[in-house]
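Before any questions on how it binds or moves, here is one chain, the form predicted on its own, in structure tokens.
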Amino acid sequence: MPVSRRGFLRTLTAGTVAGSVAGWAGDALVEAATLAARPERDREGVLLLDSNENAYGPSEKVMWAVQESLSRANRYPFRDYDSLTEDIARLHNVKSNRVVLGCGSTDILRLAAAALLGPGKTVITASPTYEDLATYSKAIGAEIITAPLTPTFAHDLDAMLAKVDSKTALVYICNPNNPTASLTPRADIESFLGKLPPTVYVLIDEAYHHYVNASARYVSFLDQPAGNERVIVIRTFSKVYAMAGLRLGYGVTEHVLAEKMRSLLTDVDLNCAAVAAGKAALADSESVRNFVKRNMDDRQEFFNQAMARMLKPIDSHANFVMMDAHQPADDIIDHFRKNKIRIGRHFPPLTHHVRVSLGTPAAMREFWRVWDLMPNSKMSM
């Protein structure tokens, strides 16, 4: 009997793996995984273009791994942590004792804050940038110092350096930056590192690394280490690997800090499905290439549509776009909300910019249809 998409997904989430796999032919299971729908709307029918998720994933191999892992859901997953850690270490050509696994890269941000900050310490970030590190830092009594982005939306490293003092323990650089999808040049970051006091760590968040177009301006600090032990680099499986709901991320740093960060984890921090999916995702380079190519095409089409409406997007190096909308961001967000589409929230001080996560072509056609319903939106060339 043919296996429906809905039936496969129900089985995938129900936890009845052992019985269902035994009763399915291999070809039918592959077909079901290939055809399984990736929902673009939530249960209330709202189109989700707000959280920079991969609208196409996870890959078939990752779904297979999740399906198989549920047959071991009665066992604690820590027995598989070392294997995933070794895969990551091998990928980045580092020793496994330098790798820290976390429940999403936000967990790594929390660990870095807990290991390095506290009352009397400060952390320096850009404004605007991803805010979770600041949230965790405030919770443990640290002070947040911010510096505005440059006119080209790069981190203003000179301004950040000028704010470093004896209380500074950590600097956060999100590259590409969220919410602007902009780059800070590699050469500028290297120069910045060389000017910092030896007591200051730098956390480089490479969540959107895979989406960056090849350029001399950007080189990952994992692909080409800076030779500086004060650097922490974090990655996530939530973006190109399309595993945001499984919560898996990691950091790479010098082994002493890595050990301190691991000591702050809960005893069993990851679930079996996330660990299995992570291993499958790292091995599935073909799907990553396909996701990157799809994103490039979707991003270019977004720019085409935006420019046709005389809008001015910031040059994007991620799977989302921020653009000057020529009107208050809150008004636009509210308009889309009323039309059952979620886009990114307001990001001060960019009061007239909106952030839009890239979806499938059908989702983006609906986005532009709703955009054109706004008053004063007919600004085509």
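The structure displayed is predicted, hence computed values, not measured ones. Note that residue numbering begins at 1 and tracks the sequence as displayed.
Note that the form predicted in complex with a small molecule isn't included here; everything after this is about it.
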Quiz item: Would residue 125 count as touching the small molecule in the predicted complex under a 4.5 Å heavy atom rule?
Solution: no
Quiz item: Closest heavy atom of residue 180 to the small molecule in the predicted complex, within 4.5 Å or not?
Solution: no
Exercise. Using a 4.5 Å heavy atom cut-off, state whether residue 294 contacts the small molecule in the predicted complex.
Key: no
Quiz item: Heavy atom to heavy atom, is residue 305 within 4.5 Å of the small molecule in the predicted complex?
Solution: no
Self-check item: the small molecule in the predicted complex: contacting segment from 254-262, 170-178, 295-303, 117-125, heavy atom within 4.5 Å
Solution: 170-178
Quiz item: With the small molecule left out of view, which of 247, 92, 210, 279 would have a heavy atom within 4.5 Å of it in the predicted complex?
Solution: 247
Quiz item: Which residue among 85, 106, 271, 150 has a heavy atom within 4.5 angstroms of the small molecule in the predicted complex?
Solution: 106
